[in-house]
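Shown next are two forms of a single protein chain, provided one at a time as structure tokens under the names structure 1 and structure 2.
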Structure 1
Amino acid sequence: MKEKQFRMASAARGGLLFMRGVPGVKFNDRVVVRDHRGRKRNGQVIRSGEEYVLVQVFEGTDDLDLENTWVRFLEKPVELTLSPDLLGRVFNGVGMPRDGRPPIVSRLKRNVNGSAVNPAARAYPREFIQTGISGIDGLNSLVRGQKLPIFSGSGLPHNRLAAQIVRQAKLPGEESRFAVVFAAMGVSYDDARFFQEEFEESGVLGNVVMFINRADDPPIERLILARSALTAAEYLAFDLDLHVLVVLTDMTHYAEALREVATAKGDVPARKGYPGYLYSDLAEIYERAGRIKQRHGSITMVPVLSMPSDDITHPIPDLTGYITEGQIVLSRELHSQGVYPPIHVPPSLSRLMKDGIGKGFTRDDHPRVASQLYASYARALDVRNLASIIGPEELSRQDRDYLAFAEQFEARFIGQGETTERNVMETLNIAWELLSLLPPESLSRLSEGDLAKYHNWDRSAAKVEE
């Protein structure tokens, strides 16, 4: 192998090594750094010039003794070794085993940076995935090949929700070959364990590949970890024809690592200290989800991110929302009221839902029911707001119906609990029970046919009560 080895790092700071006098180094190449104790660190060239070369070291540059540090340029990009043996294994960000078992051996290696999928080669995602969760299936359905993040906050049950999705997700009426790629970035020991136990309990461990970087692991490694995980996912989906569900958690820790490197490099910041290229960088990750024509597998992605200070306009959720195909937003308020999953409905969205539900997919009325629930809940929230000002006694009869609707909607429809799994018909039936609390004239998103078939409104009963 053509390799070059040098000992001339002239400076190290913030995870970056500056090297002078190393000519002809290829941009983005893989680097191995051996420190004075003989321990190896992994890196990548992120700038290459005649004057100097900049190396990003995934394990960080803390306590490097530059006099005694050797840097080896491997003359090839950062690659992941691929084989079906990936399944059931645990790795770090650069694909080294973390489970005490030997490394994967295979001739097949791929550049973890991947390359852009040709839009002309993509197939549009349309297959409804039933997660068994009404707040998702009924209102913001997931389809195969979609990227649908969970926007959460510290202390909210995003991990439990992600695990529940992994546990319950299925295509109604189909036994499919599936795999899970789990990429943990900067998560706590407990969170990592939680997932591991979850996978074990539900008996899917043999179908899971884990890439783990914990909170006390070097942050820069997260930048490469997400890419390694997706390289594995692409292999499983498009070489082995598996339907792959990728869980990336927590993207906020990823973005923070990116900011750290950008700051060390002196890049011009755009918002809140994050570099202007955060959007493109995140897109390189998220856009690796999808379906490809003439390929049988798929990559469905559920990134999890915690919104700093619960602020959805913070650059990380904001830019994520601009790239992904919707988002499931969790609510601290519902959580504190004991609603699980605490899905905050108004800002949640699934953009691919429209092509995966309705006649021939779930049920004919599904799209209109979802739209009506949104509209009615929005109105109910207005009423609740009004009630807090003038007192509920002052509300009109119809407004009181809306209050009752909001309560039931949150408690029954959304708050189904962690162990309940509902099929989509059950979800729709509960939806109709709730909509039957409201007068038909105000349900303009539903067709007259829908109302006749499913709406169970008893005007006289309502009148009598008054």
Structure 2
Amino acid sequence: MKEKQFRMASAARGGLLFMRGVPGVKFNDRVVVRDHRGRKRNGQVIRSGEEYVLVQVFEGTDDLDLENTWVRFLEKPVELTLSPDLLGRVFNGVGMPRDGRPPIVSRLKRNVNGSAVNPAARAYPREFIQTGISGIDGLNSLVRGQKLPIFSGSGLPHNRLAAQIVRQAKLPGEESRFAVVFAAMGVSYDDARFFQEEFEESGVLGNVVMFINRADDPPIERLILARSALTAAEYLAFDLDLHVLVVLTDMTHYAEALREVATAKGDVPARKGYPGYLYSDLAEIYERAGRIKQRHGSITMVPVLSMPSDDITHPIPDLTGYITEGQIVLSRELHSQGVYPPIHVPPSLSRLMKDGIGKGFTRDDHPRVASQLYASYARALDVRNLASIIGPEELSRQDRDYLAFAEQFEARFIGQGETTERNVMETLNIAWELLSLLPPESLSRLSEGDLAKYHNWDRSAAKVEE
């Protein structure tokens, strides 16, 4: 198809180029802008109409001499070049190398604006994915094909946790068929370097495809980057039959870029200035994960969101919660106490956990142990609140057992260190050590067989004065 080239830009401001009298231009088409010095800038059509066409220029519109600026419409969307050589590489949002190596050479190219998985073709998410982190594997297990976001806050270690998940995640029994697509949007230079060095030094980079957009890169590139990452994941999963874990960080930066572009286009704002189509846009991203019937590969997604002002009702986490299957919430209080990872247990939830744990997946007692840990910790938090009012010395002996359990649970089960990797059996064994601090009669969610096999009640172990 013949490309269109024009020299009729009528205005430029804020990275936007306004074109009048351009027929037959499609939304999301790629654009190449050649300025008066002969330098090329990349762009994308973000609005197309009879009166004018609006082009977002990735490199900005500073110093453009409109009378000597040529705009070429390529009449095709942004495409990603696909090949098994993607693994071990680092790219920007539009698929250009960021690792100093040559571009991928392949005839296979696909539109990054894919589509959600057809619900009729979906297979139900199953099979346990081990992250090596007890707070996730033991209490909020991730299963193959699930979307499980991490809700964090400014200053909390969500980047370290995301990097640890990438280093340690595996599908037990199929480690050789497991790959990771890691997408970082709007991150600082230090964070971008941290991720790359972390994966290189740990030796996992060869099994990871990285897409990085820094904070000073064009906002619209963040919108394309998430789609480029998922296009790569779809190729690895459904063409190469790999089990792919996609980690997207930070979806808050993605949503803010969407708001910035929407404002520039003149879209009517909704909650907190975000466009009314924020929900459908996020759904376009999240619903590209999953399993497909009669396909061996799968895409499991862990989006990371930093909640503005730690507000879980903010539009981004709020809408994300409607689309995904649970959430891992990080706690500022636990972080201030030096607990890593600071997973806040009560509001955290994995809705598909029941379908990936238990007999045949992890261990028969896993569902009941997880339920008992939740119940015991909830009771312990109530006791802790009571102790803050009346003083711990006024508590009953059983309540003091629960206080001891809470302290050990946070220190030994939730807290484990950034370099510590635990398999699910180690996680369950630690859980039983902690549950053994409580008398058997208080553990109503466990079976008699579980208690006889694993529970070892010893009052001296609780270290509570009689």
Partner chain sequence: MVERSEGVVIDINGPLVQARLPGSPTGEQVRLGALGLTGEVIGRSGDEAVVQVYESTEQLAPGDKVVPLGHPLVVELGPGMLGQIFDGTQRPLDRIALQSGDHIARGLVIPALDRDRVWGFTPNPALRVGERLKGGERLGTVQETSTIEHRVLVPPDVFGELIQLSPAGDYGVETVIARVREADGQVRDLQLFHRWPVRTPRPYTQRDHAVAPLLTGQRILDTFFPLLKGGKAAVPGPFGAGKTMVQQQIARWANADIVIYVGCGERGNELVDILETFPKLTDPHSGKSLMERTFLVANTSNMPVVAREASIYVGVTMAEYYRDQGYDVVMVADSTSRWAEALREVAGRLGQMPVEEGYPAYLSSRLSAFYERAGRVETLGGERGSVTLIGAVSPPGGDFSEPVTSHTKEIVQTFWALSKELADARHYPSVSWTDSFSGYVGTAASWWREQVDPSWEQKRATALGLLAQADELSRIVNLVGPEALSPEQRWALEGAGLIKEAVLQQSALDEVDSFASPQKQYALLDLIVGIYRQGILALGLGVPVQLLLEMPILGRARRAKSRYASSELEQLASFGVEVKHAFEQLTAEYRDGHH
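Residues are numbered by position in structure 1's sequence, first residue being 1. Between two forms, the rigid core is defined as the largest C-alpha subset superposing within 1.5 Å. All of these numbers come straight from a predicted model, not from anything done at the bench.
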{"query": "Answer for which single form is the form predicted in complex with its partner chain", "finding": "1"}
{"query": "Per-residue C-alpha change between structure 1 and structure 2, Tyr274, threshold 2 Å, rigid core fit", "finding": "yes"}
{"query": "Per-residue C-alpha change between structure 1 and structure 2, Arg400, threshold 2 Å, rigid core fit", "finding": "no"}
{"query": "Exceeds or equals 2 Å, Cα of Ile46 between structure 1 and structure 2, core fit", "finding": "yes"}
{"query": "Angstrom displacement of the CA atom of Gly88 between structure 1 and structure 2, core fixed", "finding": "3.3"}
